[in-house]
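Take a look at this single chain in structure tokens; it is the form predicted on its own.
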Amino acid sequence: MRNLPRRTLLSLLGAAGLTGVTGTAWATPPSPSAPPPEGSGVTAADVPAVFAPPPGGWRAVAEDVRRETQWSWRSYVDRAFGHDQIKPVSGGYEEFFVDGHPMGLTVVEALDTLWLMELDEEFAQGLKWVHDNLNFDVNASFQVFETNIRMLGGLLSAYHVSGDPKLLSLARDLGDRLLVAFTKSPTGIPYRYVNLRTGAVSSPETNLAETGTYITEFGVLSRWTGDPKYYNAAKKAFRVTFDKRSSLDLLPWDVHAETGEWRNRTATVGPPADSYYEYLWDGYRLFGDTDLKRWYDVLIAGINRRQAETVNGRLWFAQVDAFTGRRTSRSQSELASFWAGLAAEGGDVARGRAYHDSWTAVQDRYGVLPEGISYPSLNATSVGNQLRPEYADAAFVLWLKTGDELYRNRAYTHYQQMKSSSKTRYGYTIIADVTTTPKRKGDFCPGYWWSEQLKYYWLIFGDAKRFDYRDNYLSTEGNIFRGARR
């Protein structure tokens, strides 16, 4: 499973929250030992522990994030440089796209994060590796969706922060190779895989996320190269699936690229559909495309009518039959927690707050969010955690939209829990079981951890000098396409 989270244009209300001294009153958190207010319906067990910021305020936390990033990067360079991902427990490495063929995934994903943190030596080190080694003439099938959000997005964001023309040249080369997955499809819905050397396509059985998570990367590539073909292909894929929505304005998640027909009936806001909705909103905000805004509004209204429900005082989104509205499951993936930020960005701040509250209850119970839960009970249905960034991402967005320091506090809890649970000898690793004490570790650090989680922490805790908090864009992979202050 992958994170398909979710980030768009973020606007700050005034200057509140940018530094340790803010224009917004910093809400004093309740003492962990204080009883809940009488008649509140909250039991003492529901009151979470609160981490107070250390002496030095939020900037000190940001500097701690920076130190942890620098230390982790050094371990990666020492043990796995150029390989896709480090194994931080054993000190080994593994490839993500093609066995035995490293593509430098971690390097590409980390570049804009290193730059934002002013880790200029590390950024230069990574950039040199890209100049010397990165080549997409590979005779192997690559997953189009993952290659787009990770490699194409990483190159575009690194170009945005540096202006290095080599990065845009590489991005254009890769974009042309990925575009074949769209142009060879009889419907315009992309195949899931394409051979980067031969252009052979495969796997027409696909899903919403893998058909609709291209408009920002392809659109930015069109804007920066002056060639509209990338944007047009991504928008066409959106149009095909939107036009096939049910009479309830819902979309099943499973679709066939060659026929355009649905292969199941289930509508979900989680994987493998989630970033489809995010990129409708993102495409509108980044490019001003009112078609995308209209499609987003129609589908979100259908989701709120048919899937949103309150259980035990908490907002969740059920899986339902897209054609009848019948609820089929009350499970929820951690990946869906990004929806709190998307709702706020789309103008529904109240629903965004409520959904983040729901996931906070899960964080309070387990410390680290499990991959999946049954939301009536909050029981974990999938007990691992893949170093996920969605909850922190949503906290960052909500903080920007509201100026409420509550979301900084929640992100701080998320960061502290990650440090206590995932830090190991050579970096940070996934958790195999969040329900054990201590939490049982895996041996794997996903590339997106460098692009997303570290970046959100840095931006929410510190007044990042190289980031425009008022006018910016972060992709579903956390890549910055607007807002770099060079």
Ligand code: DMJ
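Numbers for residues come from their place in the sequence shown, where the first is 1. If you're wondering where the values come from, they're calculated on a predicted model, not measured in any experiment.
Not pictured, yet referred to below: the form predicted in complex with 1-deoxymannojirimycin (DMJ).
- Residues with any non-hydrogen atom within 4.5 angstroms of 1-deoxymannojirimycin (DMJ) in the predicted complex fall in just one of 128 to 136, 230 to 238, 195 to 203, 382 to 390: 382 to 390.
- Although the partner is absent from this view, residue 150 contacts 1-deoxymannojirimycin (DMJ) in the predicted complex, with a non-hydrogen atom inside 4.5 angstroms.
- Within this chain, residue 394 is remote from the site of 1-deoxymannojirimycin (DMJ) in the predicted complex, having no heavy atom within 4.5 Å.
- For residue 448, a non-hydrogen atom is located within 4.5 Å of 1-deoxymannojirimycin (DMJ) in the predicted complex, even though that partner is not displayed.
- At a distance threshold of 4.5 angstroms between non-hydrogen atoms, residue 335 is in contact with 1-deoxymannojirimycin (DMJ) in the predicted complex.
- Annotation for 100 to 120: no interface residues with 1-deoxymannojirimycin (DMJ) in the predicted complex [heavy atom within 4.5 Å].
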